[in-house]
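Below, in structure tokens: the form predicted on its own, a single chain.
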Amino acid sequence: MDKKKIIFLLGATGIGKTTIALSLAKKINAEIISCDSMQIYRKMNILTAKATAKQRKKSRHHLLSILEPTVEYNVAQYRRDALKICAKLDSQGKIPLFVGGTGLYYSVIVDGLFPVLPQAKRIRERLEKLLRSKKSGYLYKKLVKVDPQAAGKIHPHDGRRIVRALEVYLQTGKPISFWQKKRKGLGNEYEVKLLGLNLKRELLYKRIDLRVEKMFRLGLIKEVQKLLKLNLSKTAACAIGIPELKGYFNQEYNLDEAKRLLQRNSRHYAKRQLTWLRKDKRVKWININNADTATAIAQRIYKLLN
């Protein structure tokens, strides 16, 4: 029997995944599953550039706006929820089309999770204390020494993942990269296609800058003001745009500077996304340019899949 298909449309923020996915979903009888760690939250529509209500009517979307931004959510929960949706779509004869740019989210679907290790409370508390006092760079240097393989996949400022990697090492005596190799993915059950959108760096950065301008026109300031009145989860509070506008609200700088910081940090995030994706040799890259329409790109992908 032919394997069931799962397709991933991956790429950096601002590259145009949403409109391409809408066109592709129609062609392949698919429903879209968000692969974005921030789009799971409600009340963050402009901030995370979610598909609009009108766009969602064209194709059903899953794992979009499923939680209040006060609630924590992790990759294990995401994998559980996403696999349930995949099974349901399979039973309906539809293809799951994952769309997004969160590398860790697509990785846990394709490659699985390593065996669950309980948190070691005392070890974690000690590491989090060091994170607060000496910042992530100090802990990152320690991680490089004990697990350079894991360190190569974690950003030096990603304190949460650095702490978890060190916690696993101190708890088990073995690096987290050792445990990750014991993961069980979906390769035996599904035919997995990883498709990455590739646009020249200068064009991508221009798109990102223009999208930030559009976000402000759509009402980003009011949206973030409302979010900051909530007790945001640690994850939601890290969404690009919240720290930048918080500084503006605190009168640390003017609106133009807030906008500049948001554009710069979005570009930096896009660069990190691409670095992650390019390390995965299974990704098939689709080169696009500004002259390509979403429909034309979707048609190219459709031919590639058939």
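Only the largest set of C-alpha atoms that superpose within 1.5 Å between the two forms is called the rigid core. This structure is a prediction, so every number in the text was calculated from the model and none was measured. For every residue, the number given is its place in the sequence shown, counted from 1.
Quick note: we don't show the form predicted together with the RNA, though the next part is all about it.
By the criterion of a heavy atom within 4.5 Å, A239 is counted among the residues contacting the RNA in the model of the complex.
None of the heavy atoms of K246 is located within 4.5 Å of the RNA in the model of the complex. Mapping the unseen interface onto this chain, A76 counts among the residues with a heavy atom inside 4.5 Å of the RNA in the model of the complex. Among residues of the shown chain, R124 is one whose heavy atoms approach the RNA to within 4.5 Å in the model of the complex. With the partner left out here, the RNA still marks one of 24-32, 248-256, 52-60, 39-47 in the model of the complex; by a 4.5 Å heavy atom cut-off that stretch is 39-47.
When the RNA is considered in the model of the complex, only one residue from D90, D81, E128, E213 comes within 4.5 Å through any heavy atom, namely E128. Between the options K94, R161, K193, R207, the residue in contact with the RNA in the model of the complex by a heavy atom within 4.5 angstroms is R161. Contacts between stretch 258-297 and the RNA, counted in the model of the complex as any heavy atom lying within 4.5 Å, involve R264, R267, H268, Y269, K271, R272, T275, W276, R278, K279, listed in sequence order. A movement of the C-alpha atom of Q171 reaching 2 angstroms or beyond is seen between the shown form and the other one when the two forms are aligned on their rigid core. After superposing the rigid core, the Cα of L127 is displaced by 2 Å or more between the shown form and the other one.
Fitting the two forms on the rigid core leaves the C-alpha of N231 displaced by under 2 angstroms between the shown form and the other one.
Closer approach of the C-alpha atoms of Q171 and V71, by 3 angstroms or more, is seen in the model of the complex than in the present form.
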